[in-house]
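So this first bit is one chain, no partners, the form predicted on its own, shown in structure tokens.
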Amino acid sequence: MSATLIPETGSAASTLRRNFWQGVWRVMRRKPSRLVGVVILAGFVVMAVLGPMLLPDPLPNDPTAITRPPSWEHWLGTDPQGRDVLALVVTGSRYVLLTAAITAVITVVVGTSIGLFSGFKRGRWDTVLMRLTDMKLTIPGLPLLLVLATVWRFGSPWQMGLVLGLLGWGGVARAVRSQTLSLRERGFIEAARGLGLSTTHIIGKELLPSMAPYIAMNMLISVTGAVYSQVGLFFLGVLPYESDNWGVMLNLAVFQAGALITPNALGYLLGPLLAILLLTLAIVLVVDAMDEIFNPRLREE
């Protein structure tokens, strides 16, 4: 009997996967800009992973080409040390994207875990965890980072990602708790409780898959927030310049190269700004596609 059931189960799963990817392709084709967003996002990931490996470390200086405007040789010009700005953008992308990825993972894992458990258990667990979340939300991020910068150099993206992640999970926990409260009254959760299934099983096997699209979109949005936060902190000079970073480039372009008053240095300012703009645009387009893929009402429209 099992010999006949296993092929049928495998065939059904294969059909579901095929239908899912066909639906994804239809959503993408409906608005080609979403495909553009996926391509740009993939391009940034490839650039951050492979780009620094293909460039010399450190980047060569050219004393004869200090703060030059864009040209065929240097598409975004050169910085005050004669280094190619485009190469600086590429090498700086690794720190920015790795920090953003670490921040997003920590934010979503911690926020989702607390929100799911709090919303499902209710009672004293909910009270304690939400008071903890409220306390976390009242912690001012910038002053805390100023204090941490006196003992931590933030030269590693792991350090920066860890701090930003631990500072950013409160909003996700609150949002996930609200979603969990609406799902815990649904029939399939009531049935799971009626069958006597454990809390771990219900949260991990029933609630979590239902919230996976919502969590994935929160992760992408967290990436955008992490990029803004770290670039802003480095631009303001709050953190020491111990890494290649788009925020450091912006700071040096404005306060060292005088990009706001020197046309030759304009490429040094526009390089990281264009990179941030394109990355944010790509994430917005991908989130838009995910919203339609996982929202049945939007798919029907």
Partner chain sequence: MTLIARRLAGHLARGFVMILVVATISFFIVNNIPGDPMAARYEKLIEGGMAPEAARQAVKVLYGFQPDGSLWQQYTDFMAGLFRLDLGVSVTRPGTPVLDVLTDAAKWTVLPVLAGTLLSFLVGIILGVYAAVKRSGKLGDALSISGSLLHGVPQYVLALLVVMIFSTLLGVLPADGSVDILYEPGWNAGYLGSLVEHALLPVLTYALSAYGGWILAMKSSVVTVLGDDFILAAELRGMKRSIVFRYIARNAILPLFTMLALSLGLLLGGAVFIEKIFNYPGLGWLLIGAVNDRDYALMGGAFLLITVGTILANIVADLFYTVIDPRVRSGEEVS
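Positions refer to the first chain, counted from 1. Take the two forms, find the largest set of C-alpha atoms that superpose within 1.5 Å, and that set is the rigid core. Since the structure is predicted, the reported quantities are computational estimates derived from the model, not experimental observations.
Below: the form predicted in complex with the partner chain, not depicted.
The partner is absent here, but in the predicted bound form a heavy atom of Gly237, alone among Gly237, Pro58, Gly43, Pro69, sits within 4.5 Å of the partner chain.
Out of the listed residues Leu142, Ala212, Val128, Ala191, Leu142 is the one that sits within 4.5 Å of the partner chain in the predicted bound form by at least one heavy atom. Annotation: in the predicted bound form, residues Ala48, Gln256 and Asn264 none come within 4.5 Å of the partner chain through any heavy atom. In the predicted bound form, Thr200 stays away from the partner chain, with no heavy atom inside 4.5 Å. Taking the partner from the other structure, the partner chain in the predicted bound form has a heavy atom within 4.5 Å of a heavy atom of Leu250. Taking the partner from elsewhere, Tyr228 is found to have a heavy atom lying within 4.5 Å of the partner chain in the predicted bound form.
Remark: Val39 does not count among the residues lining the partner chain in the predicted bound form, judged by a heavy atom distance of 4.5 Å or less.
The stretch among 144-152, 77-85, 202-210, 110-118 whose residues place heavy atoms within 4.5 Å of the partner chain in the predicted bound form is 144-152.
With contact defined as any non-hydrogen atom lying within 4.5 angstroms of the partner chain in the predicted bound form, the stretch 40-60 contains no contacting residue. If you fit the rigid core between this form and the one not shown, you'll see the Cα of Phe120 move by less than 2 angstroms.
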